[in-house]
Ligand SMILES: Cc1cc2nc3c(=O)[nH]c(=O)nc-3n(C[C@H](O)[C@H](O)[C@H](O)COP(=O)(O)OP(=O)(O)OC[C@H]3O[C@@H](n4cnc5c(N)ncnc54)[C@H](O)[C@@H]3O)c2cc1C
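Listed next as structure tokens is one chain, alone, in the form predicted on its own.
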Amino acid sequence: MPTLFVVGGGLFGSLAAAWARSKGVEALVFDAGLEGAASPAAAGLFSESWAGRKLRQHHERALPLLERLYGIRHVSLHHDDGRRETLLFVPPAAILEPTPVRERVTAVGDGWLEAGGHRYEGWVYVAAGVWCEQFCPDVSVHSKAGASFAFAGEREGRIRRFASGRQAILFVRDPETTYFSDGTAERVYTPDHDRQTLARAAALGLTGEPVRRCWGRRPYAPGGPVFRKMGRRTWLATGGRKVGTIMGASFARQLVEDELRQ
């Protein structure tokens, strides 16, 4: 059986590799650790309502994979009026490939890729986020940048809506810290966006200097997330937007269960 070579160690690529291994397929992930990768900044939260009608089938398809591989947790967030909202959660740290090959992939073809001066042949899955356009220019992926912050200590989860479809969220994503994001995603990201996000954090009680800033560029593609067959043994997936965990898991099932069996 061929090896699955994955380009990109973010949520899309890591989920595909993990699901392939669970089905007995050897998988090797390449990730050069380029600045601006979106997945480390992701919250890891999701819900059926966030997926919406258009992506509901992907949400349903993703849940069994996420439950089997990682166990889906529940996060309770309280609104300013005391209402509680429960979201589903898988920590990105549990998903992201722990030891990818730290070499940049320089070329991809049908059933092969080149990295570090070597050629690898097998199945190829290009899941390189905003960098997918290097391998498939007509995918027309573009990026919107944003930042999340971690503050010392563990705080009770909160959510505050401040605009249509926008909310600020704080909860314990990783032990001993509190994660904060307001969902900002801009094509042109400036220090003013950081200041605005930190002001929203302070309004929810997260004062002082954050212990960590995670900045990344989310991939967007016209019409929504993309899964594309590029050749007999090569596929591409990108455009996860704000639902990368769900789309990455759904596309992983499509790749491993539908495509690799053909």
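We number the residues from 1 along the sequence you see. Computed from a prediction, not measured in an experiment: that's the story for all the values here.
One more form of this protein exists, namely the form predicted together with this ligand; it is left out here, but the text below deals with it.
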* **Residue contact check: Gln134 to this ligand in the predicted bound form, 4.5 Å heavy atom** => yes
* Though only this chain appears here, would Pro91 touch this ligand in the predicted bound form if you measure heavy atom gaps against 4.5 Å? -> no
* To do: Verify the contact flag for Ala221: yes if a non-hydrogen atom of it lies within 4.5 Å of a non-hydrogen atom of this ligand in the predicted bound form, no if not.
  => no
* Asked: Quick one: is Gly146 in contact with this ligand in the predicted bound form, heavy atoms, 4.5 Å cut-off?
  -> yes
* Asked: Just one stretch in 212-220, 225-233, 199-207, 55-63 has heavy atoms within 4.5 Å of this ligand in the predicted bound form, so which one is it?
  -> 212-220
* Structure fact -> Contact with this ligand in the predicted bound form, heavy atom within 4.5 Å, among Ala51, Leu69, Ala27, Leu45 goes to Leu45
* Who in 90-129 is close to this ligand in the predicted bound form, meaning a heavy atom within 4.5 Å? -> Glu103, Arg104, Val105, Ala127, Ala128, Gly129
